[in-house]
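One chain follows as structure tokens, the form predicted on its own.
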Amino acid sequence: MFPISDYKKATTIEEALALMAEDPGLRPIAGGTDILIKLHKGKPGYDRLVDIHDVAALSGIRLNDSGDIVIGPGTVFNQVIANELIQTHLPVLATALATIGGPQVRNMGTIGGNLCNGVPSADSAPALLVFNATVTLRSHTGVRQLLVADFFKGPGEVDLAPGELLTAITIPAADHRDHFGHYIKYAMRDAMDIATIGCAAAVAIEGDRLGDLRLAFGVAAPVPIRCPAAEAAAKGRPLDGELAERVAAAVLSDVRPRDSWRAAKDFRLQIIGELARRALRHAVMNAGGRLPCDRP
């Protein structure tokens, strides 16, 4: 038995917002793969729930008239992975989500829940960061939008006020067109383990040069981060044997890993540099280019 003290169910966004406005202590639950674990462990603040699992407007993926990709936060991982729009325009996101848990988790857990859980190891976060994704947050009194990069405030903490609901994840057209990416997850086990380090890269190639690099990491700082120093070190550089090494060296000034029982800081730094090299190489290959001395 789960120690649930209050449970309400909503079938529309408006109904959910009205319930949360009346009682801001209600916490939304969709897939429940994170919240139910916290309930089972007796963590406070998770026993009063509003069920949004059947809110149809929170699910699905569409391409709007501007070419933006809009993902409903209630869309489960396997639906995102298999979606034709994602496979065509954002395969790196499908790759990242495919590393989460096992089939049962991917059939229940939602992409919105993965973000709202706020953990540095969220596999969706680096892939969304490199495409400058935004979140739409609605309450009973208004709507606001944030970059995913600004949504994370600290370990397990996001910028989501009481009574607010994540209603959309948007990847702008200008940020997914002409960019090709790759995601690598390093974990202690090959399956069903959280990331020790997660790395996403997205590139645009201009002739024999790298026109743009976007690089993001999970578990390399208290929150998922972009890597401005590494990106600047690569922008406009030729696709030569030095490029990956420049990025691997520069990225060390962007990250702030820590010692933990899962991995030592020095080990994480080594993995971060290597994942930066590999993710860049694979992203360049996905864009139709090649870096000399490619390694698997």
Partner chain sequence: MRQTIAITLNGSPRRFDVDVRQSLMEVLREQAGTLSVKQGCGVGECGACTVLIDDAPVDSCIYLAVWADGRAVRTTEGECRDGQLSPVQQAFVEEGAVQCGICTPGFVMAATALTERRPGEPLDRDAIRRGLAGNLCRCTGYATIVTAVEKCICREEE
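Numbering follows the first chain given and starts at 1. Note that this is a predicted model, so its numbers are computed, not measured.
There is another form of this protein, the form predicted together with the partner chain, and it is not shown here; the text below is about that form.
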Taking the partner chain as it sits in the model of the complex, is Asp266 near enough to touch it, meaning that at least one heavy atom pair lies within 4.5 angstroms?
no
Taking the shortest heavy atom distance, is Arg62 within 4.5 Å of the partner chain in the model of the complex?
no
Contact label in the model of the complex: Gly154 to the partner chain, heavy atom within 4.5 Å
no
Asp51, heavy atom within 4.5 angstroms of the partner chain in the model of the complex
yes
Is it the case in the model of the complex that Ser66, His140 and Thr170 each bring at least one heavy atom within 4.5 Å of the partner chain?
no
Between the options Met188, Ala174, Ala161, Met192, which residue brings a heavy atom to within 4.5 Å of the partner chain in the model of the complex?
Met192
Which of these residues, Thr136, Asn117, Asn107, Thr95, gets a heavy atom within 4.5 Å of the partner chain in the model of the complex?
Asn107
Mind telling me which stretch in 126-134, 176-184, 97-105, 208-216 gets its heavy atoms within 4.5 Å of the partner chain in the model of the complex?
97-105
